[in-house]
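The data below hold one chain only, encoded as structure tokens and taken in the form predicted on its own.
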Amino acid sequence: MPVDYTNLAATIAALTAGETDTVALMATIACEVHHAGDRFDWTGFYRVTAPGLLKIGPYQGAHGCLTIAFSHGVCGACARSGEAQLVADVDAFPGHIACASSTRSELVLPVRDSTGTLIGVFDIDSDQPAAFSAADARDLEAILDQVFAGS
């Protein structure tokens, strides 16, 4: 079943209105997106905590990797490039980090604050192959920009 991104964006906007704490915002988004569709097996954030390093942030699903270097995996590729990573088959992605052996596809989006600084990545894993589309990436990026960058 497709996600109603218009409704999801409105719900997230209402829940996060006036909130400035980044962790609270991340927790709310992770929860709402995770429960918006059955394709979302693991949904969460990795925060930039040091140059070239991501650490786990708020998430929904089984445990995630605690740290990821910018030089490793799909999350690292997103952080390094600043561009969305849409991976239809994680086994075909060189250097994929298997935090969960059930993951078949992945979508990772950059998260920037109002100054344009990368503050983390939003990682969505699915146990279904080719679970995500460019439209998913576009609509989720719009939600992230609305909440974190104020645009």
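Quantities reported herein were computed from a predicted structural model and do not represent experimental measurements. Counting begins at 1, following the sequence as shown.
Keep in mind that the form predicted together with a small molecule is missing from the display, and what follows is about it.
- Contact with the small molecule in the predicted complex, judged by any heavy atom within 4.5 Å, is made by just one of L86, C65, V33, V48: C65.
- The small molecule in the predicted complex is not approached by A79, whose heavy atoms all lie more than 4.5 angstroms from it.
- Interface residue remark: A27 is not counted as part of the site for the small molecule in the predicted complex, having no heavy atom within 4.5 Å.
- When the small molecule is considered in the predicted complex, W42 lines it closely, a heavy atom lying within 4.5 Å.
- Among heavy atoms of I97, some come within 4.5 Å of the small molecule in the predicted complex.
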